[in-house]
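One chain follows as structure tokens, the form predicted alone.
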């Protein structure tokens, strides 16, 4: 008789260099079940996933898969048992075609010495047919959308006879339309008896998709149960250990001080005739689907890729912003969309990342860094932004996503900006860190900083922004007060794009 559960983890513990990552973890996943694994960054989710997939060996505990018990599970054994992990980077080769990415693993597994390209194409066609999607199999993966890359990773997993697909933050870079399409694919996999374990911080997605929820905190089980047992408040409480209330940001008083005025700003192929004002103490939201031109606009305002035409006024002064140095000189700061590749030097220390934008101000008369000044600045921002680290000498890649984002903020806040542009400020961070970052943004606005938040996180925009601009095909097509539009209405405006 086939067991109801596919995988059962019992009393699993794991330490790294004396730090307890997991303690007595239990997790059961049934066949054909969709389960959400939730918890703040650093709670042990990634470690647990790596133990289930054989990448880490537990210090103690038992892993049962398909009725077989393992104390030590090797990656090849996990694959043979039908466990596939789709990480955020999808582990695909950008220089290969979609067909090659889907089929070559299967060819290698069969120890084929020569590649039959006709067979590769045929295998790939059959794989995408299983999930009923259309992908250009001849296209190089680097030219495909994030959504298509994800579908390629899913198709490849199915070729390995997947019984459990683990998806790590699967919707981070997807539009709402793409999220809906992905969920359709996930539910079709469930109907075929495939189990799904997905990691997500997005509450709406958890309640829309998951049948069961497992929440970890500080490496331990906190709660495990049917999704119907949870509401958003309960979910957040078990994740963070604290009650988090959602409130709208209120301007303390309307300001007449215009910090940034943009008139008919255009950049060929990216955005056209963009005009708006940003006032002192205001949080202005900009949203739109990927490809709407919102990121290109932010980069132009920061001098990374200057506009072709139009005018920019900073505090009523007509200003040319052709370089990043021009932007910094005008007290404009920019936190980029991808902190890992654009915002941080991952192998450098936390301290060095914090001071990198203000090194010149820390030099003594001999043009050497004044150690005392440097340490004062580093310690100030670690304390001010509550960056959780035992030492600022650790590489910044050792931090959780939320703390990495605080380091990027610290780097630019150290420049004492009057205008702060935040592109996806809370992408990939947990609910607790997200709330803390929102509070930092509000406090900066209350101190007179003008903040631009570029995001497709609708609740984030509605709760924090006084005004929201919607971009479509490189143009601003709508403006709404933060309290004058509902979540449903704003989602509809975005989907209309």
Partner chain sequence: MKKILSTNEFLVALIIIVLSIIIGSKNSVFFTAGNLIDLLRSGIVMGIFAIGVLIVIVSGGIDVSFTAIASFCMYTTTKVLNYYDFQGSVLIAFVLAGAMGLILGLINATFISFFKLPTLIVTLGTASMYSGFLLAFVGVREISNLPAGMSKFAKMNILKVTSENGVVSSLHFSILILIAVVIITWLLLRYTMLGRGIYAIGGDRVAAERAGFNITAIQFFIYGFVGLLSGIAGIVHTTLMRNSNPVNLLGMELIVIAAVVLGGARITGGHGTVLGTLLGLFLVIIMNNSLILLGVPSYWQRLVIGILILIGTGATAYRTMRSSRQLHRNSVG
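Positions refer to the first chain, counted from 1. Keep in mind that what you see is a predicted model, and the values were worked out from it rather than measured.
In what follows, reference is made to the form predicted in complex with the partner chain, a form of this protein that is not presented.
- Site annotation in the model of the complex: the residue of 292, 214, 150, 171 reaching within 4.5 Å of the partner chain with a heavy atom is 292.
- With the partner omitted here, the residue from 376, 318, 115, 251 that has a non-hydrogen atom within 4.5 angstroms of the partner chain in the model of the complex is 115.
- Interface membership of residue 225, defined by any non-hydrogen atom within 4.5 Å of the partner chain in the model of the complex, is ruled out.
- Proximity of residue 267 to the partner chain in the model of the complex falls within the 4.5 Å heavy atom cutoff.
- Contact check for residue 299: a heavy atom falls within 4.5 Å of the partner chain in the model of the complex.
- The partner chain in the model of the complex comes within 4.5 Å of a heavy atom belonging to residue 91.
- Heavy atoms within 4.5 Å of the partner chain in the model of the complex map, among the stretches 202-210, 115-123, 176-184, 228-236, onto 115-123 alone.
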